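In the block that follows, a single chain appears as structure tokens, in the form predicted alone.
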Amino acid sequence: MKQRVYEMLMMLNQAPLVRYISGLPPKEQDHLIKQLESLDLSVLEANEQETKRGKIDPLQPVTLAEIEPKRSEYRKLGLKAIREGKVGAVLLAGGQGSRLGFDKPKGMFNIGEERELYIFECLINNLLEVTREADAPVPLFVMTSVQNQIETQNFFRDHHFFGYSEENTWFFAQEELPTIDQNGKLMLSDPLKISTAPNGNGGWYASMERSGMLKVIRDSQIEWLNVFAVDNVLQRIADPCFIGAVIASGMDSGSKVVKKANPEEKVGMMCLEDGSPSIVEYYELPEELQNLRNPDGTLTFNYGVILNYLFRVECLNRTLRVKLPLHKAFKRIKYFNKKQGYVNPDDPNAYKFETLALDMVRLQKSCLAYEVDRNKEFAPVKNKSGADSADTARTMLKANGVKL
């Protein structure tokens, strides 16, 4: 077993790690070898190349004006699905609050002013509005990272799940992938541990399979999963109108979208790529398309995603054997080496590999783009100050009647 791993590492140009492990006592060698066997080392062969995009065309959403006369019909259909136990929710909560100057899971960040109000609490309050109206629970699956799973679970328990149903809440950790330095070499996070990092928000469904959560999905006969990000405190979860509209459309999936604040706003955009639903990141859209306008003066590519998707479970199951594209992200990653000991760099120094939730949309045959009012549903908390910060989110929470 040991020799096979060494040979594989040498084939992957990891001679420094082989020399390091070979110099350890036998039990410590076995410990690292066991970890290496559990990791997906194929990422070392995935030097990300610029993805060649197909023909990009705008995807027209169902607009607020079009939704309004059908709102009651959609809401009734969505509430029916919730009451029949067909809808589950997946909170992507693996991220840390480092960009906020907060060294804990982002959902634990206190956004209150005169009282404690955590990001997790904001989201649960929004979900509770739906479950109270439906008089039925929505199974909630919380994806953590390996590092923050226990801390997140304890936080929920210490706060009595913010009034939500503990028996209808499950936690699972997302898969970890190895990190590499700028020379493509595997790293150590401590003397006996290979450095790894969460594999991005696109790995949520595969992580549910590995953790046994899909058995809960099957046993509960859940047909739809609403996936949403932790960092939007106005996120409407298991929104009956959204669910009803997607069901009524007969499509495989749905994505909430908002009108862009300006052509340069840093949001992914719903589009058609070679005729199929897709999402193009703001940095992938050529400038001439970014500023392209319709005859009435509106932006042609005018709708950004807010990471709130609805997927049909049977369609998700078909994606499990598909390998999502890997994206390399240049990050500041603590590490250990034999000469320097523990190193905590001030600047980005290494790469982590990520999959993206938007790539899950590209695997669906159809997707309903569903417009929502950004003033009521889009208050991202990403930065310590300035745009999309805790301060801008607080302003929007107050505008929506939330006491801080």
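The structure presented is a predicted model; accordingly, all values stated were derived computationally and were not measured. Rigid core (definition): largest C-alpha set, two forms, superposition within 1.5 Å. When you see a residue number, it is the position in the sequence shown, counting from 1.
Absent from the display: the form predicted together with a small molecule. The rest refers to it.
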| property | result |
| --- | --- |
| Heavy atom of each of Gly97, Pro198 and Asp231 within 4.5 Å of the small molecule in the model of the complex | yes |
| Candidate from Leu307, Met108, Cys271, Val258 lying within 4.5 Å of the small molecule in the model of the complex - any heavy atom | Leu307 |
| Sole residue of Leu186, Val267, Leu92, Met208 within 4.5 Å of the small molecule in the model of the complex, by heavy atom | Leu92 |
| Interface stretch in the model of the complex with the small molecule - options 366-374, 37-45, 23-31, 347-355, non-hydrogen atom within 4.5 Å | 347-355 |
| 4.5 angstroms heavy atom contact with the small molecule in the model of the complex for Val246 | no |
| Met143: touches the small molecule in the model of the complex, heavy atom cutoff 4.5 angstroms | yes |
| Partner proximity in the model of the complex: Lys331 to the small molecule, non-hydrogen atom cutoff 4.5 Å | yes |
| is_contact(Asn226, the small molecule) in the model of the complex, heavy atom dist at most 4.5 Å | no |
| Large Cα move at Arg99 between the shown form and the other one, threshold 2 Å, rigid core | yes |
| C-alpha of Ala350 off by 2 Å or more between the shown form and the other one on rigid core | yes |
